[in-house]
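Only one chain comes next, encoded as C-alpha coordinates, the form predicted on its own.
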Amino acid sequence: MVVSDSFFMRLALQEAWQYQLLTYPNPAVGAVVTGSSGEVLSVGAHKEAGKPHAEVLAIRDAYIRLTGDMSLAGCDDAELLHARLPELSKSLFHDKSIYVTLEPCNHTGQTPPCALLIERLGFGRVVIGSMDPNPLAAGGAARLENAGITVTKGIERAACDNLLLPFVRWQKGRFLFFKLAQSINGIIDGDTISCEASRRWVHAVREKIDRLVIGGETVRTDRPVLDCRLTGGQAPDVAIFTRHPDSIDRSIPLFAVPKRRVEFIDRLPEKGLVMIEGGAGTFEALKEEIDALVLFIAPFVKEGMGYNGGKNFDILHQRKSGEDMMLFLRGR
(Lines give C-alpha, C1' and ligand atoms only; values in the text may rest on other atoms or scores of the structure.)
Protein backbone atom coordinates (compact mmCIF):
# COMPACT_ATOMS: atom_id res chain seq x y z
CA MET A 1 0.00 0.00 0.00
CA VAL A 2 1.31 3.45 -0.95
CA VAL A 3 0.92 5.94 1.88
CA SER A 4 0.52 9.54 0.81
CA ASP A 5 2.26 12.64 2.10
CA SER A 6 -1.12 13.80 3.38
CA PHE A 7 -1.34 10.79 5.70
CA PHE A 8 1.93 11.65 7.43
CA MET A 9 1.08 15.34 7.61
CA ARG A 10 -2.25 14.53 9.24
CA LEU A 11 -0.37 12.51 11.87
CA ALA A 12 1.76 15.57 12.57
CA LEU A 13 -1.34 17.77 12.75
CA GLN A 14 -3.09 15.44 15.16
CA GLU A 15 -0.11 15.52 17.51
CA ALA A 16 0.28 19.31 17.29
CA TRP A 17 -3.34 19.98 18.21
CA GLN A 18 -2.72 18.28 21.58
CA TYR A 19 -0.65 21.34 22.53
CA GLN A 20 -2.67 24.10 20.85
CA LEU A 21 -2.47 27.34 22.90
CA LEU A 22 -0.07 25.71 25.38
CA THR A 23 2.95 26.71 23.27
CA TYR A 24 2.16 30.46 23.40
CA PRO A 25 3.80 32.71 22.30
CA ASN A 26 5.08 30.08 19.88
CA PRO A 27 2.80 28.37 17.35
CA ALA A 28 1.67 24.79 17.78
CA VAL A 29 3.70 22.56 15.42
CA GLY A 30 3.84 18.83 14.73
CA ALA A 31 6.43 16.66 12.99
CA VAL A 32 6.78 13.08 11.74
CA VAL A 33 9.98 11.27 10.72
CA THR A 34 9.66 8.39 8.24
CA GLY A 35 12.14 5.76 7.15
CA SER A 36 13.42 4.85 3.71
CA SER A 37 10.51 2.44 3.20
CA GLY A 38 7.88 4.96 4.36
CA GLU A 39 7.51 3.57 7.87
CA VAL A 40 6.73 5.98 10.71
CA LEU A 41 9.75 6.27 12.98
CA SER A 42 8.49 8.98 15.31
CA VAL A 43 5.84 11.64 15.88
CA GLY A 44 6.58 14.80 17.83
CA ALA A 45 5.10 18.17 18.72
CA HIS A 46 6.30 21.43 20.22
CA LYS A 47 5.03 21.46 23.80
CA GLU A 48 6.15 24.69 25.43
CA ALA A 49 7.94 27.89 24.45
CA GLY A 50 11.65 27.62 25.19
CA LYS A 51 11.59 23.83 24.87
CA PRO A 52 12.66 21.83 21.78
CA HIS A 53 10.62 22.33 18.65
CA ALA A 54 8.57 19.56 17.09
CA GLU A 55 11.25 18.63 14.55
CA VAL A 56 13.90 18.21 17.24
CA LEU A 57 11.75 15.94 19.41
CA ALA A 58 10.72 13.82 16.42
CA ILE A 59 14.35 13.49 15.32
CA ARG A 60 15.43 12.59 18.85
CA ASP A 61 12.87 9.80 19.08
CA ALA A 62 13.65 8.54 15.57
CA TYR A 63 17.35 8.38 16.47
CA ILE A 64 16.55 6.35 19.59
CA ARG A 65 14.32 3.96 17.63
CA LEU A 66 16.90 3.44 14.89
CA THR A 67 19.93 2.98 17.15
CA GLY A 68 18.61 1.82 20.51
CA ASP A 69 20.84 4.45 22.12
CA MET A 70 18.90 5.79 25.12
CA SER A 71 21.40 8.49 26.09
CA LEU A 72 19.06 11.26 24.86
CA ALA A 73 15.79 9.65 25.95
CA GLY A 74 13.54 12.18 27.63
CA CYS A 75 16.00 15.03 27.03
CA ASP A 76 14.23 18.36 26.51
CA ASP A 77 17.33 20.56 26.50
CA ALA A 78 17.16 22.15 23.06
CA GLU A 79 20.79 23.30 23.00
CA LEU A 80 22.03 19.84 23.95
CA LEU A 81 19.87 18.07 21.37
CA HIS A 82 20.94 20.42 18.59
CA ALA A 83 24.58 19.75 19.47
CA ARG A 84 24.50 16.01 20.12
CA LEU A 85 22.14 14.69 17.45
CA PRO A 86 24.45 15.53 14.49
CA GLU A 87 27.44 14.11 16.39
CA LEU A 88 25.68 10.85 17.16
CA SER A 89 23.63 10.37 14.00
CA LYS A 90 26.32 10.92 11.36
CA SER A 91 24.67 9.76 8.07
CA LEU A 92 21.70 8.04 9.74
CA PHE A 93 19.07 10.38 8.28
CA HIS A 94 20.35 10.72 4.71
CA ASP A 95 17.59 8.48 3.34
CA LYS A 96 14.88 9.59 5.79
CA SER A 97 12.06 12.15 5.44
CA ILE A 98 10.64 14.62 7.91
CA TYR A 99 7.13 16.08 7.72
CA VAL A 100 6.51 19.38 9.51
CA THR A 101 3.24 21.33 9.78
CA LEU A 102 5.21 24.61 9.70
CA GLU A 103 8.34 25.57 7.78
CA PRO A 104 11.39 24.78 9.95
CA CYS A 105 12.61 27.95 11.64
CA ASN A 106 15.71 29.64 10.27
CA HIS A 107 16.68 31.89 13.16
CA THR A 108 18.06 31.63 16.67
CA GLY A 109 15.43 32.54 19.25
CA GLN A 110 15.02 30.71 22.54
CA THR A 111 16.34 27.64 20.70
CA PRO A 112 18.72 27.13 17.73
CA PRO A 113 17.33 26.99 14.15
CA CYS A 114 15.60 23.73 13.22
CA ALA A 115 16.50 24.24 9.55
CA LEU A 116 20.19 24.17 10.50
CA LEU A 117 19.77 20.92 12.42
CA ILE A 118 17.92 19.27 9.52
CA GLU A 119 20.63 20.49 7.13
CA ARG A 120 23.42 19.14 9.34
CA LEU A 121 21.69 15.78 9.58
CA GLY A 122 21.37 15.64 5.79
CA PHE A 123 17.76 14.52 5.54
CA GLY A 124 16.79 13.16 2.15
CA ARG A 125 13.47 15.00 2.04
CA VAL A 126 11.56 17.64 3.98
CA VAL A 127 7.79 18.03 3.59
CA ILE A 128 6.18 21.26 4.79
CA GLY A 129 2.54 22.16 5.40
CA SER A 130 2.48 25.94 5.99
CA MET A 131 5.18 28.47 5.26
CA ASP A 132 6.21 30.51 8.29
CA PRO A 133 4.25 33.81 8.45
CA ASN A 134 6.85 35.28 10.82
CA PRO A 135 9.53 37.00 8.69
CA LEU A 136 12.05 36.67 11.53
CA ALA A 137 11.83 32.87 11.47
CA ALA A 138 11.07 32.23 7.77
CA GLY A 139 13.57 31.05 5.18
CA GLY A 140 14.06 27.50 6.39
CA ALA A 141 12.75 25.94 3.18
CA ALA A 142 15.11 28.00 1.01
CA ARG A 143 18.04 27.11 3.24
CA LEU A 144 17.30 23.40 2.93
CA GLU A 145 16.86 23.61 -0.83
CA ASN A 146 20.18 25.44 -1.13
CA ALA A 147 21.75 22.58 0.83
CA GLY A 148 20.54 20.12 -1.82
CA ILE A 149 17.68 18.65 0.23
CA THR A 150 14.42 17.88 -1.58
CA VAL A 151 11.68 20.12 -0.17
CA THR A 152 7.95 19.66 -0.83
CA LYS A 153 5.64 22.47 0.26
CA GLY A 154 1.92 22.94 0.80
CA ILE A 155 0.89 19.42 1.88
CA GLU A 156 -2.42 19.71 3.80
CA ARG A 157 -1.84 23.46 3.74
CA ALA A 158 -5.39 24.48 4.67
CA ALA A 159 -5.37 22.24 7.75
CA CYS A 160 -1.88 23.45 8.71
CA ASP A 161 -2.99 27.07 8.29
CA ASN A 162 -5.94 26.34 10.59
CA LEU A 163 -3.51 25.07 13.22
CA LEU A 164 -1.66 28.40 12.92
CA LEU A 165 -4.78 30.55 13.40
CA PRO A 166 -4.08 31.62 17.03
CA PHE A 167 -0.47 32.50 16.23
CA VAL A 168 -1.31 34.49 13.10
CA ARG A 169 -4.12 36.43 14.77
CA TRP A 170 -1.98 37.13 17.83
CA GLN A 171 0.90 38.40 15.67
CA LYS A 172 -1.52 40.90 14.17
CA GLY A 173 -2.54 42.09 17.62
CA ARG A 174 -4.94 39.73 19.40
CA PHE A 175 -6.31 36.21 19.46
CA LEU A 176 -9.61 36.12 21.33
CA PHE A 177 -11.27 32.81 22.17
CA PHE A 178 -14.29 31.86 24.27
CA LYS A 179 -14.26 28.76 26.48
CA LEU A 180 -17.60 27.06 27.11
CA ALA A 181 -18.67 23.79 28.68
CA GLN A 182 -22.07 22.28 28.01
CA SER A 183 -24.03 19.11 28.58
CA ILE A 184 -24.90 17.00 25.57
CA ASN A 185 -28.28 18.76 25.36
CA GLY A 186 -26.71 22.23 25.34
CA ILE A 187 -27.11 23.29 28.97
CA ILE A 188 -24.30 25.58 30.19
CA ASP A 189 -25.31 26.68 33.69
CA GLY A 190 -25.51 25.02 37.09
CA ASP A 191 -22.87 22.86 38.74
CA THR A 192 -19.53 21.86 37.21
CA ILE A 193 -20.10 20.39 33.75
CA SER A 194 -16.74 19.41 32.28
CA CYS A 195 -14.62 16.53 33.60
CA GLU A 196 -11.33 16.91 35.47
CA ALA A 197 -9.20 16.35 32.35
CA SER A 198 -10.98 19.23 30.60
CA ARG A 199 -10.67 21.49 33.63
CA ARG A 200 -6.98 20.64 33.88
CA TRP A 201 -6.51 21.76 30.25
CA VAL A 202 -8.31 25.02 31.00
CA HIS A 203 -6.07 25.65 34.01
CA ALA A 204 -2.96 24.92 31.91
CA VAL A 205 -4.11 27.45 29.31
CA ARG A 206 -4.88 30.01 32.01
CA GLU A 207 -1.16 29.89 32.87
CA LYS A 208 -0.28 30.96 29.32
CA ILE A 209 -2.79 33.66 28.44
CA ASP A 210 -2.26 37.41 28.75
CA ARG A 211 -5.73 38.11 30.10
CA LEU A 212 -8.81 36.22 31.26
CA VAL A 213 -12.09 38.02 30.59
CA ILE A 214 -15.12 37.02 32.65
CA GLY A 215 -18.68 38.29 32.49
CA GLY A 216 -19.96 40.40 35.37
CA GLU A 217 -23.10 38.28 35.80
CA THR A 218 -20.97 35.12 36.07
CA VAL A 219 -18.87 36.77 38.79
CA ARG A 220 -21.97 37.86 40.71
CA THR A 221 -23.70 34.48 40.41
CA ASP A 222 -20.88 31.90 40.55
CA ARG A 223 -18.34 33.81 42.70
CA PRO A 224 -15.45 31.98 40.95
CA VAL A 225 -11.76 31.79 41.85
CA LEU A 226 -10.42 31.38 38.26
CA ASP A 227 -7.01 30.14 39.37
CA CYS A 228 -4.69 27.36 38.16
CA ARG A 229 -4.92 25.05 41.17
CA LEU A 230 -5.10 21.87 39.05
CA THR A 231 -1.76 22.65 37.40
CA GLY A 232 -0.05 24.65 40.13
CA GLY A 233 0.76 27.66 37.96
CA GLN A 234 0.29 31.39 38.37
CA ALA A 235 -3.32 32.48 38.01
CA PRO A 236 -4.00 34.92 35.16
CA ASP A 237 -4.89 38.56 35.41
CA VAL A 238 -8.66 39.00 35.16
CA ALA A 239 -10.76 41.62 33.39
CA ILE A 240 -14.43 41.67 34.46
CA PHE A 241 -16.65 42.67 31.56
CA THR A 242 -19.41 44.78 33.06
CA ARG A 243 -20.98 48.22 32.92
CA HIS A 244 -21.84 48.02 36.62
CA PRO A 245 -18.59 47.43 38.54
CA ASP A 246 -20.07 48.69 41.80
CA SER A 247 -22.35 45.64 41.88
CA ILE A 248 -19.39 43.24 42.15
CA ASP A 249 -18.57 41.91 45.62
CA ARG A 250 -14.82 42.50 46.17
CA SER A 251 -14.71 39.94 49.00
CA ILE A 252 -15.08 36.89 46.73
CA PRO A 253 -12.06 34.58 46.24
CA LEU A 254 -11.33 35.92 42.75
CA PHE A 255 -9.94 39.12 44.29
CA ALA A 256 -7.79 37.29 46.86
CA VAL A 257 -5.48 35.38 44.48
CA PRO A 258 -1.83 36.46 45.01
CA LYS A 259 0.06 38.30 42.24
CA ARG A 260 -3.13 38.84 40.24
CA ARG A 261 -4.42 42.10 38.79
CA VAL A 262 -8.20 42.47 38.51
CA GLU A 263 -9.76 45.26 36.48
CA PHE A 264 -13.20 46.21 35.18
CA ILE A 265 -13.72 46.75 31.45
CA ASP A 266 -16.56 47.65 29.11
CA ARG A 267 -14.64 46.75 25.95
CA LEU A 268 -12.35 43.86 25.12
CA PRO A 269 -8.54 44.04 25.27
CA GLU A 270 -7.00 44.88 21.90
CA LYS A 271 -3.76 42.90 22.26
CA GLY A 272 -2.51 39.53 23.44
CA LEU A 273 -3.83 36.02 23.92
CA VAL A 274 -7.21 36.55 25.57
CA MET A 275 -9.57 33.87 26.87
CA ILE A 276 -13.19 34.63 27.75
CA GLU A 277 -15.09 32.56 30.27
CA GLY A 278 -18.73 33.24 31.02
CA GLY A 279 -22.32 32.26 30.57
CA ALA A 280 -25.04 32.78 28.00
CA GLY A 281 -25.19 36.54 28.46
CA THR A 282 -21.46 37.03 27.95
CA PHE A 283 -21.46 34.76 24.92
CA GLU A 284 -24.39 36.63 23.40
CA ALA A 285 -22.70 40.00 24.00
CA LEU A 286 -19.30 39.01 22.59
CA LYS A 287 -19.95 36.24 20.05
CA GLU A 288 -19.34 38.47 17.03
CA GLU A 289 -15.93 39.55 18.32
CA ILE A 290 -14.40 36.17 19.12
CA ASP A 291 -11.92 34.45 16.80
CA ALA A 292 -12.63 30.95 18.09
CA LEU A 293 -14.67 28.89 20.52
CA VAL A 294 -13.22 26.08 22.62
CA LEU A 295 -16.19 23.90 23.53
CA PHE A 296 -16.30 20.98 25.95
CA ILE A 297 -19.33 18.70 25.57
CA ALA A 298 -20.02 16.47 28.56
CA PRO A 299 -21.79 13.12 27.95
CA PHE A 300 -24.90 13.69 30.08
CA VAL A 301 -28.27 15.42 29.92
CA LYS A 302 -29.29 18.02 32.50
CA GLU A 303 -31.83 20.75 33.10
CA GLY A 304 -30.96 24.41 32.94
CA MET A 305 -30.23 27.28 30.57
CA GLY A 306 -28.62 27.10 27.14
CA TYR A 307 -27.38 29.74 24.73
CA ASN A 308 -29.00 33.00 23.70
CA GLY A 309 -29.09 33.75 19.98
CA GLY A 310 -26.94 31.90 17.48
CA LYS A 311 -23.66 31.92 15.58
CA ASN A 312 -22.19 29.62 12.95
CA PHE A 313 -18.79 27.96 13.37
CA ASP A 314 -16.43 25.75 11.39
CA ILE A 315 -14.87 22.79 13.22
CA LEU A 316 -11.08 23.04 13.08
CA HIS A 317 -10.33 20.09 15.38
CA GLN A 318 -12.05 17.72 17.76
CA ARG A 319 -10.79 15.12 20.21
CA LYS A 320 -11.59 13.33 23.44
CA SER A 321 -10.76 15.13 26.69
CA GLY A 322 -11.25 12.60 29.44
CA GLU A 323 -14.97 11.84 29.38
CA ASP A 324 -15.76 14.96 27.33
CA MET A 325 -15.53 15.84 23.66
CA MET A 326 -13.39 18.92 23.01
CA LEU A 327 -13.95 21.04 19.90
CA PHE A 328 -11.94 23.94 18.47
CA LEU A 329 -14.33 26.06 16.42
CA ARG A 330 -13.68 29.10 14.24
CA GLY A 331 -16.40 31.70 13.94
CA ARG A 332 -17.70 32.41 10.45
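This is a predicted model, so every value here is computed, not measured. Quick note: we count residues from 1 along the sequence shown, nothing fancier.
What comes next is about the form predicted in complex with another copy of the chain, which is not displayed.
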So which of 265, 49, 40, 285 gets a non-hydrogen atom within 4.5 Å of another copy of the chain in the predicted bound form? 40
Students should find that, of 182, 111, 106, 89, the residue having a non-hydrogen atom no more than 4.5 angstroms from another copy of the chain in the predicted bound form is 182
Consider residue 11 of the chain shown here, and say whether it contacts another copy of the chain in the predicted bound form, taking contact as heavy atoms within 4.5 Å. yes
Please tell me whether any heavy atom belonging to residue 303 falls inside 4.5 Å of a heavy atom of another copy of the chain, as the geometry stands in the predicted bound form. yes
Verify the contact flag for residue 65: yes if a non-hydrogen atom of it lies within 4.5 Å of a non-hydrogen atom of another copy of the chain in the predicted bound form, no if not. yes
Non-hydrogen atom contact residue 253 with another copy of the chain in the predicted bound form at 4.5 angstroms: no
Any chance all of 15, 307 and 325 sit within 4.5 Å of another copy of the chain in the predicted bound form, going by non-hydrogen atoms? yes
Given the stretches 295-303, 22-30, 266-274, 52-60, which is the single one in contact with another copy of the chain in the predicted bound form, using a heavy atom cutoff of 4.5 Å? 295-303
